[in-house]
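Quick heads-up: the structure tokens below are two forms of one chain, split into structure 1 and structure 2.
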Structure 1
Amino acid sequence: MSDLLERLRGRGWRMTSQRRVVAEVLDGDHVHLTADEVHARAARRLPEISRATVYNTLGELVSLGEVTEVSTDGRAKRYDPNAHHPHQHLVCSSCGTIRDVHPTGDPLVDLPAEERFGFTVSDVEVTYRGLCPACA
């Protein structure tokens, strides 16, 4: 994730302690934190960081394509730093755990032309649901 900070500097971002700590929190595999979770972890390192700044920074990271928004339930959006490795999600219906998964094939080709209603289809999201080992 350290090269994320490099890329952001290269894009003309003013580097602040708030942005740095948000970027640091968003590091690792299978990381899908809500904005409030990001805020809580960021606040452990930088106690006075505001919710507004966390929302602003996450929104900017999404616009830059560095982070992906994931809405697997109807609740808070989650922020996924694994944006440069296309993948799908497997969600436990009981505890909410989210894992990154890589299905075979391209789901786009499963949508025939006569089912496209003239749309220009550019993306597809797949969410698998089930029970994780701990909940089963």
Structure 2
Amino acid sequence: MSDLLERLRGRGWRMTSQRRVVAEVLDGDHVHLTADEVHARAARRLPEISRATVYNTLGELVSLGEVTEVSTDGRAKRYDPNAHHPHQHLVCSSCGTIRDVHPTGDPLVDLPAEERFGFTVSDVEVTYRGLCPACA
């Protein structure tokens, strides 16, 4: 069973066939699918699943904190199931491919006090950009 499915079961989330197939489609280390991509893959497994059900399920998963919405450069939102595993993103500036990366160090700690301007910093997002091997 996937990490996402285990977390959802642990929360007591009602696991309908539609919700299950959306969670299964999202399973994986480097999965960053758009809602339309989730719908297309889910429909291959469960042809009667509607686009609205996929969007509603993704919204619930984001609200629960089990999936993160990733927005880059005005492109379609993508959904990252690795919400409980600290990581950053590496984005191809040409095709939009997104990979999870785990740089060393803690970017939250690395911000000097004088650069915080009195803020109590609670979270940080770093996005690395470049060209993937296919686009380079």
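Here, a residue number simply tells you its place in the sequence of structure 1, counted from 1. Worth saying up front: this structure is predicted, and the values here are computed from it rather than measured. Whichever C-alpha set is largest while still superposing within 1.5 Å between the two forms counts as the rigid core.
Student: Looking at the two shown chains, say which is the form predicted together with another copy of the chain.
Tutor: The chain shown as structure 1 is the form predicted together with another copy of the chain.
Student: If we fit on the core, is the Cα of Ala40 displaced 2 Å or more between structures 1 and 2?
Tutor: No; Ala40 is a residue whose C-alpha shifts by less than 2 Å between structures 1 and 2 when the cores are overlaid.
Student: Given a core-based superposition, decide whether the C-alpha of Gly59 shifts by 2 Å or more between structures 1 and 2.
Tutor: The answer is no; the displacement is under 2 Å.
Student: Under a superposition restricted to the rigid core, does Tyr128 display a Cα displacement of 2 angstroms or more between structures 1 and 2?
Tutor: No, the C-alpha position differs by under 2 Å between structures 1 and 2.
Student: Once you lay the two forms on top of each other by their rigid core, how far has the C-alpha of Glu115 moved between structures 1 and 2, in Å?
Tutor: The alpha-carbon displacement, core-superposed, is 5.0 Å.
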